[in-house]
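In the form predicted alone, a lone chain appears below as structure tokens.
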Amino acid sequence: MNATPLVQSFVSHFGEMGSRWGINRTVGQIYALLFVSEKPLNADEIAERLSFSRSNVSMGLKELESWRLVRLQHYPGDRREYFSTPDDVWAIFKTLAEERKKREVEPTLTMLRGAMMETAGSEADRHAQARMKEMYQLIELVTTWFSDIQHMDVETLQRLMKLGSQVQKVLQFTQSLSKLTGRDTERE
């Protein structure tokens, strides 16, 4: 690889982690290289720096484009396409979350809704449907919550994340207040 030891380490790590994240090693390494690159790179530059074939780079870039994780740019007088990642890490995080939801969560929710709509033909099916309903409700709750926080501005989101377990204290306090006032905060 034609890069500094620091960049090599980062790129190699992303390649190793790629398979754990559901992408192949090559795609992970291409993304990591683009992420730390000072300027947009064309496919030939990526291939040279990573010692990959041009076709591997092209397929990897198409995969990253389908995830909306790279930006395509053109320069006047140059017919080549140049690629970069979004500058804002929060925007990258939100895009990844949206794409994972679209590719993984929504199909699972659709399957679970269909399974719950079927007529249970046995006690085993009723038990299975009850378990699927629990799973559906949890995924739906998490998805709704995540959708809500995804629309927060970055500063609010950072403050919320830094609160950590203090949120639990706030919720306990609100519950204590509701008991004193007779209001049901669980429904609000």
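Numbers follow the displayed sequence, beginning with 1. From a predicted model like this one, the values you see are computed outputs, not experimental measurements.
The same protein has a further form, the form predicted together with the DNA, not shown here; the description that follows concerns it.
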When you measure heavy atoms, are 26, 51 and 58 every one within 4.5 angstroms of the DNA in the predicted complex?
yes
Listed range touching the DNA, judged in the predicted complex by heavy atoms within 4.5 Å, from 117 to 125, 137 to 145, 59 to 67, 32 to 40
59 to 67
Please tell me whether any heavy atom belonging to residue 44 falls inside 4.5 Å of a heavy atom of the DNA, as the geometry stands in the predicted complex.
yes
Is there a heavy atom of residue 94 no more than 4.5 Å from a heavy atom of the DNA in the predicted complex?
no
Residue 71: heavy atom within 4.5 Å of the DNA in the predicted complex?
no
Just to confirm, residue 81 within 4.5 Å of the DNA in the predicted complex by heavy atoms?
yes
